[in-house]
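Next up: just one chain, as structure tokens, the form predicted alone.
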């Protein structure tokens, strides 16, 4: 009797094990669902065309700046039979306008990139309902692998719209040959207070040829709408342009006024900056630091692209990367941007899952590492940063350490107009036409007019 009972139990266990193994043997793309009769049936993975827009990235030997995306999408197609991916090449400068036109015509792509210089996902697009939240497509552990400030740039109203793939920061670039010429020590570990910064910049401002005129200045930068090399100075005492809810203008409070005064004092009080500082000549400012026949400025702040440029033969410079000076906030701050991918609205759930899979594939640890190595950006994933993409590039490694200091720009739908109103006033300060307090108060009117349209 015991033998028969044991045989029955053994048979039952064998049946259960067989069922489990059969389930495990199914393709990872086969989705289980229940039909109207309660029977479990297999749902085949979606097939069809996915349209991906992207801007140019790094070039291969044939000067093809889309080769990385072409290779990755070909791999994805091979792993997902029946899926075809169309790549639409769009210059970065044209991306916002082309997307707006596509949205107006309800002909948006399935996937589009977030330009790293734009900083974050467009709140306008979220409010228009044209991009999808991505929360459900990555696990809790996968989301935890992203730097918090990267996810913050993609979060709105408690949901995550898109997947970050890269971070950029602004940093101070120091010409070490000029430091050596003047016997000035660069800041230890690239960190300095505002007061230490001022003293070193004074020492680096000098008359090289003895004609009674200053030939070399310690510091310079430029002011131009849409560019933020100077803005970490404005944040150094704790000020921000708008309130957290984006409803109030806050850039004329005492913290903002004191920070702008610190920046303008470099030119008008400490006299360690050239007369051109604060103008809108981006190219001239760069050449004053990087051109071999000039080298008349020791320190300038630039975005990450400048680090790679200063390592090329054309602009080869003996330099190091340092943080922005620390102000009254007591901590170093920089302005950053977060590139990534967003999924536009999809009606078909099967297609939505497949599009999400492609975004995940393009945003993996390995791909973020590859992008960091070749594109001069920093990974948005901690696991990619831990692979040391810049182990043989100390300047980029130093800048990558600043990624966690990065503060993103306000994500107001009309930030471009707000930015222009503020930057116009900043130029007047650095031209000597207004005091910091006058300029920041003058910006309040036009900025509030913009903000009031959203209240």
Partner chain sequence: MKTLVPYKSEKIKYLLKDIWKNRVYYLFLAPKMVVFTLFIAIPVIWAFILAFQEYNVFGSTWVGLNNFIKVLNSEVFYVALWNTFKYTVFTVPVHVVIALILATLIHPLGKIAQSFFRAAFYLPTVTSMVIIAMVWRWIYNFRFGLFNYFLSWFGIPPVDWLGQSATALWAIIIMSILTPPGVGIILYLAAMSNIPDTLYEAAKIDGAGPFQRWYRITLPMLKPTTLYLVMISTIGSFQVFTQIIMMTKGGPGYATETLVHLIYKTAFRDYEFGVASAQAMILFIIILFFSVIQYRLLSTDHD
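Positions refer to the first chain, counted from 1. In this text the structure is predicted, and so the values were computed from the model without any measurement.
This protein has a second form, the form predicted together with the partner chain, left out of what is shown; the following refers to that one.
- Shown without its partner, this chain lists 203, 383, 128, 364 as candidates; in the predicted complex, only 128 has a non-hydrogen atom within 4.5 angstroms of the partner chain.
- The listed set 155, 100, 309, 250 contains one residue whose heavy atoms approach the partner chain in the predicted complex to within 4.5 Å, identified as 100.
- Shown alone, this chain has one stretch from 159 to 167, 335 to 343, 279 to 287, 368 to 376 that lies within 4.5 Å of the partner chain in the predicted complex by heavy atoms: 279 to 287.
- The partner chain is not drawn, but in the predicted complex it has a heavy atom within 4.5 Å of residue 420.
- At the 4.5 Å threshold, heavy atoms of residue 424 reach the partner chain in the predicted complex.
- Interface residue remark: residue 296 is counted as part of the site for the partner chain in the predicted complex, having a heavy atom within 4.5 Å.
- The partner chain in the predicted complex comes within 4.5 Å of a heavy atom belonging to residue 274.
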